[in-house]
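Take a look at this single chain, the form predicted on its own, given in structure tokens.
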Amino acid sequence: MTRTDQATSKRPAKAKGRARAVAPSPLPELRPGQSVELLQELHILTREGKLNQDSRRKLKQVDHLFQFIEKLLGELKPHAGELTLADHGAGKSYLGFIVYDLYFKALGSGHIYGIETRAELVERSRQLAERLGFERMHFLAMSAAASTNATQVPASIDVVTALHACDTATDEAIAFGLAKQAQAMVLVPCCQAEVAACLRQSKALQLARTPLAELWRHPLHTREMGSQLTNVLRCLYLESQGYQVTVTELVGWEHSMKNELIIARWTGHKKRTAAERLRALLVEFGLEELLTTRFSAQS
């Protein structure tokens, strides 16, 4: 027991009617009032309420991402009077549950929509939300593309998140955000294979055309170049659609290799130069077909 804890234990109990203080966290990694039961259900904490090395790393990632989201939520003026957040590729909804527990629960209003294609994970999340009394959490078993026109989702969404949404699922989350007039998007891309596959197919032609193709001649470099180029194109696309984009690290590289965090805030200022550079890059790398699929809305 620390000196602070000893001093606290000697204080007399507060009189009835006073505001109840938030209980201190049982672990230094947890925030005051954070639900231990939730973290145990998500297998971030053990049954004994402890953290192992793997779960500590997972908690660090989600908590660090929450700090960015918390700041955004505090800055926004909700479209419909109360905040809405859609989490794409939700999986077991770690992120959605923690955002609800640490922000929406105390707020007393607002809704979170977890969107995931695997029905069994959606049902598990629904049951957990019901047990915990998280009545303003909603879970949909569908793709990001299908959710854009789903009647269960509001016409506008304030914040769109996608944590480690694989390959084109991140692009679908962006398309969803544009359709729903999202005020902010928080994206951590993962497993970007689409552009790398396109680079691989045109490699021989590009090597004959330009020495720049040496940047992706070797298979490992093809994959890395595809990942880098994918995110650059996404950032330009968001800027062309009226968003201010910040790119940073989610956590230290020692915790995760899928570590690039893209934060987009709506400004309404569509950058024509971003659209022009997006198109120029697609032409340069032989990816013009993406203009009619991934980046069809660019101005």
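All figures in this text were calculated on a predicted structure; none of them were measured in a lab. Start at 1 and count along the sequence shown; that's the residue number.
There is another form of this protein, the form predicted in complex with a small molecule, and it is not shown here; the text below is about that form.
For the three marked residues, 110, 159 and 186, no heavy atom of any sits within 4.5 Å of the small molecule in the model of the complex. Put simply, residue 94 is close to the small molecule in the model of the complex: some heavy atom of it is within 4.5 Å.
Although the partner is absent from this view, residue 118 contacts the small molecule in the model of the complex, with a non-hydrogen atom inside 4.5 angstroms.
Residue 210 falls outside the set of residues with a heavy atom inside 4.5 Å of the small molecule in the model of the complex.
For the chain shown alone, residue 271 is not a contact residue for the small molecule in the model of the complex, no non-hydrogen atom being within 4.5 angstroms. Screening 143, 202, 127, 228 for any heavy atom within 4.5 Å of the small molecule in the model of the complex leaves a single hit, 143. This chain appears without its partner; in the model of the complex, the one residue of 76, 80, 166, 197 with a heavy atom within 4.5 Å of the small molecule is 166. For the small molecule in the model of the complex, the listed stretch (166-174, 99-107, 68-76, 150-158) containing residues with heavy atoms inside 4.5 Å is 166-174.
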